[in-house]
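Quick heads-up: it's one chain on its own, the form predicted alone, in structure tokens.
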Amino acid sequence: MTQYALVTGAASGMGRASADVLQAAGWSLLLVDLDAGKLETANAGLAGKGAVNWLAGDLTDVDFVSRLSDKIAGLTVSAAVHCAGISPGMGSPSRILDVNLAASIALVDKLVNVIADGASVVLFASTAGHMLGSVFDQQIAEAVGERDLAQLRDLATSPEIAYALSKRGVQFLARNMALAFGKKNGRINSISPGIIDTPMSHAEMAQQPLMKTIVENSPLPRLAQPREVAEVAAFLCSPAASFVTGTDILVDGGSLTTFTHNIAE
């Protein structure tokens, strides 16, 4: 039986790197991205190395998520790596919450019902969620639990705050859904990357000089390569991580330890 891994945001960046790494590990692929042209190009680059299916659409669209759910139900999807998301410079606070958190909630709610027993789901969060701290945790927990982001929209007074709130919410989502996936002998975790060598990160760094400072003062003072994060996602999808669930994995070169130390001082 062919085992598929779903990868969202698969046309570029960490999504494409995840597709490459998972395919090299023996997975067949179901690729999803908003950009149909780039997704078709990615599909062409991966074809011939194993079974590849793809579906283009907007994960904030309820109808598209239903179509994707039907597609998953027709395959044996035993892993999912959800990379799709936008950065602060790519949308309004409301749009950021919709893409990064509301769409993640909708996708996970579908996956728990249609993904194969024993499957592993990996959600991409961010160190920004950790940098936010616990000040809004009660509101975030309530919003994620109730599937209602109204109070987070009130808190999201800028794209940067919306981004941090959304990624903290993704961390909560992985934690909260661990029991539901465990009932199917499955697992769900999140990854919080630091600053990655992708066009999205470079665009943000041009607008936010603090990001360069964070990188320069990290224990590993460089940008991460997308593949370095993708390898962690692949590990979480593998039997080697069979007892890891409901947690967040930092892949940030130690930047958070330096950031929090400087804040404390």
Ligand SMILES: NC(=O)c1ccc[n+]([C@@H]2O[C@H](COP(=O)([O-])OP(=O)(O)OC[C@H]3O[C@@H](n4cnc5c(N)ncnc54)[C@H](O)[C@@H]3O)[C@@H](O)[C@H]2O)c1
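Counting begins at 1, following the sequence as shown. Here the structure is a predicted model, which means the values were calculated and not measured.
Another form, the form predicted together with the ligand, is not on view; read the next lines as being about it.
- Proximity to the ligand in the predicted bound form, taken as heavy atoms within 4.5 Å, picks out 89-97 from the listed stretches 143-151, 72-80, 130-138, 89-97.
- Taking the partner from elsewhere, S126 is found to have a heavy atom lying within 4.5 Å of the ligand in the predicted bound form.
- At the 4.5 Å threshold, heavy atoms of A234 stay clear of the ligand in the predicted bound form, well away from it.
- G57 belongs to the set of residues with a heavy atom inside 4.5 Å of the ligand in the predicted bound form.
- Contact between G169 and the ligand in the predicted bound form is not found at the 4.5 Å heavy atom cutoff.
- Note on the partner interface in the predicted bound form: the residue among L173, I195, A156, L107 having a heavy atom within 4.5 angstroms of the ligand is I195.
- Although the ligand is omitted here, in the predicted bound form none of D20, S28 and K49 has a heavy atom within 4.5 Å of it.
- Contacts to the ligand in the predicted bound form (heavy atom within 4.5 Å) from stretch 1-24: G9, A11, S12, G13, M14, G15.
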